[in-house]
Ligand code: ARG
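Just one chain is shown here, as structure tokens, and it is the form predicted alone.
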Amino acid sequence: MKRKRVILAYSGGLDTSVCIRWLMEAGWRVTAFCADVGQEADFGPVKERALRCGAEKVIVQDLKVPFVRDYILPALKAGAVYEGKYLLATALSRPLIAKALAEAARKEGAAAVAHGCTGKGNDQVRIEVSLKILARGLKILAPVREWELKSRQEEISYAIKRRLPIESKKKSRFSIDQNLWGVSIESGPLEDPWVEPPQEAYRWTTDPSKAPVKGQLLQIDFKKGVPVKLNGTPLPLPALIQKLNRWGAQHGVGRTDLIEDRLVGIKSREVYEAPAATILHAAHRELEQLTLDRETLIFKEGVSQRYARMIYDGLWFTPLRKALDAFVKKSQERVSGTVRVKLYRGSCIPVGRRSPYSRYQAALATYGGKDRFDQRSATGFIALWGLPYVKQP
């Protein structure tokens, strides 16, 4: 019987390397698919490892531009932050990877796609729901949920027995996922929520206590909610993000420590690093405060929270997310201008903002001699505002 082809989302680590051989032994021809979303990996050794594990073909696809344009930017404009802290770096990459997997499966004539996600994480949901929406009828395989291997040591024994080229260097105590928008860190000592994250857990950022004593001022220009200039210099958004990641990391900006509600129903402790995301979200919010009216700002807070949950919950390719995008796009029409932020020992502080669409009027806000606000009108306003709550005679 002719063996069918499966496209495996391949990272090069132990789990997905074992997945290749396990799928082969289950009767599949394996094509390994590597998505470059800015994780700064050397894909040469990754590709070689996949082939030595038994993959017939390896596809490496550069997805950084669509990642920034079609996923990061909409989330930034929406103000999407999960549970007040998580800027969704890993979560945003998963629907893009699922889309690329589906396209690769069609191109390669594959009957199935596979991933190396565990049965207790969020990523399995994000990838599989996206695939079910985009590629109905395509079989989805999740070896880690199905195989008999119960621990990392059993996976290593499996690999050694089959002479698979697993990495021999010492395993980190932490589970790391990294892309252009940030780093997700879990496991090891972080599983105790009382333990302070050790410095070795962090991959990008300087310890804030050891960051430069002198802060750094940055100026970011936005056009309709899109960052377009950094310190007066026009930059493509991927390059702008990379620069902000470097500068923010130098000043210890972008660390968060979160007790997080996973979609599958458990709480987990996650540590994140997202310097550029932290800076851009802070600057973008500041410009919205200057340019949007009060009712739009209040309504958008709810939209931001719902948008973040949809990203986190794997519901990117849904009608509601597209409908929310329509609102966000309208809300950003006048979110243009310049914001100055100061990076200082782990903090990102907005210190200046200006816009041709500013709703701030100095003549109304001032307490100086140029005040044009008619204070006498407040008497009637207060009477009407409090009327529903005042006991009538």
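Values in this document were obtained by computation on a predicted structure and should not be read as measured data. Quick note: we count residues from 1 along the sequence shown, nothing fancier.
Keep in mind that the form predicted together with this ligand is not shown, yet the notes after this line are about it.
- Interface residue among E155, E270, E288, D221, judged by heavy atoms within 4.5 Å of this ligand in the predicted complex: E270.
- Interface residue among E260, D257, E128, E108, judged by heavy atoms within 4.5 Å of this ligand in the predicted complex: E260.
- Per the 4.5 Å heavy atom criterion, this ligand in the predicted complex is contacted by stretch 84 to 92, the sole one of 156 to 164, 84 to 92, 203 to 211, 229 to 237.
- Remark: T318 does not count among the residues lining this ligand in the predicted complex, judged by a heavy atom distance of 4.5 Å or less.
- This ligand is not drawn, but in the predicted complex it has no heavy atom within 4.5 Å of T296.
- Using a 4.5 angstroms limit between non-hydrogen atoms, E103 is distant from this ligand in the predicted complex.
- This ligand in the predicted complex is approached by S175, whose closest heavy atom lies within 4.5 angstroms of it.
- In the predicted complex, N122, D123, R126 are the residues of 101 to 127 with at least one heavy atom within 4.5 Å of this ligand, listed from first to last.
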